[in-house]
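One chain comes next, on its own, written out as structure tokens in the form predicted alone.
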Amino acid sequence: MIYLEGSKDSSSMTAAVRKSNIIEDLQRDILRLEGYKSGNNPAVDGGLGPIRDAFPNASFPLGVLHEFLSDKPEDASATSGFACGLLAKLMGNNGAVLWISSNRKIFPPALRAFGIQPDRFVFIDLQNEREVIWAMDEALKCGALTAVVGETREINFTESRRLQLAAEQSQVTGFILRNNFPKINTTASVSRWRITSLPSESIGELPGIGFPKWRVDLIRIRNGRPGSWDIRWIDGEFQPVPKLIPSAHEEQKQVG
């Protein structure tokens, strides 16, 4: 009788494991059909800290379109900085990025702060935003690029869908930076982010500006979990901002 009960328990565990494996295989198939590149990217995922757990399979989606929103100049600068940190991980030692805009604000020598040599970026400055969307669509079809960044205020669903399809086909990752956007509308981007600047911390007792620090809001992520994190860039890595433990004196002040 004991043997039979043990066999029954073993069979139940085997069936549960088999069912779990089937579900995982189906989830991977669905992600692949939706354009996600299979497999992890340690160079990117390893430097994202807690953010990586928000993505499907805990891996930053490659070969898709990511959308970033900012409505103030300081937030646009923070967004560019955060995007450059991501691009540095994507590019590795031999990648190349096309940066397309009609009103470029980024200062190429500043890319070195994120471990990027400026000559690995190709900047295309165009006359109007309609040309930016067209150029980005064409650039995303070039598999020799690591990523394509486009700066524009507006993009409609049809345009974003075209960019998403081009990225899926070539597996080139697309970043669309919507600075001073007029309204939030529906797009086909896989993710939607909002990056805001936070006060930097001084480096020890040294004067001047400290390490960049941002609040990262992942508003939408397909098949993932949106969230909010305070992140800083130190020594070529994204790191979570440690929560300060209030001293006994500060706690006493808060209480009364």
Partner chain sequence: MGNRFVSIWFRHLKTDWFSIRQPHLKNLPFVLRTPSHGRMIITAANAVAVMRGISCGVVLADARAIFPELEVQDDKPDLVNKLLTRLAEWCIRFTPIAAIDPPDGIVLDVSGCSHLWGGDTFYLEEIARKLNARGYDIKLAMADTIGAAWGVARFGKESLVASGMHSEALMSLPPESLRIEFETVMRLHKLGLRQVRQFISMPRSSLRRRFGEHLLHQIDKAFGHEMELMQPVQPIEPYQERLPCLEPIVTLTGIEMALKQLLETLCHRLQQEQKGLRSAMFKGYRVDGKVEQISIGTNRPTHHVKHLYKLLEGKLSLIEPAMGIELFVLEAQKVEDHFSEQTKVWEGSGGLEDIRVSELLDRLATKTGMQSIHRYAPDEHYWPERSYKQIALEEKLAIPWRTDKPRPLQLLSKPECIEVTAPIPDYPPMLFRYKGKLHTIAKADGPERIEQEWWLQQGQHRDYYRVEDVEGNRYWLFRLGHYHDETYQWFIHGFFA
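Numbering follows the first chain given and starts at 1. From a predicted model like this one, the values you see are computed outputs, not experimental measurements.
Below, we refer to the form predicted in complex with its partner chain, which is not included among the displayed structures.
This chain is drawn without its partner chain; in the model of the complex, the residue among G47, G210, P56, P50 with a heavy atom within 4.5 Å of it is G210. If you check its partner chain in the model of the complex, you find a heavy atom from every one of K72, E138 and S200 within 4.5 Å.
Taking the partner from the other structure, its partner chain in the model of the complex has a heavy atom within 4.5 Å of a heavy atom of D119. Taking non-hydrogen atoms only, W193 never approaches its partner chain to within 4.5 angstroms in the model of the complex. In the model of the complex, its partner chain sits within 4.5 Å of a heavy atom belonging to L98. Contact between F107 and its partner chain in the model of the complex is found at the 4.5 Å heavy atom cutoff. Contacts between 126-159 and its partner chain, taken as any heavy atom within 4.5 Å in the model of the complex, involve L126, E131, W134, A135, E138, A139, C142, G143, A144, L145.
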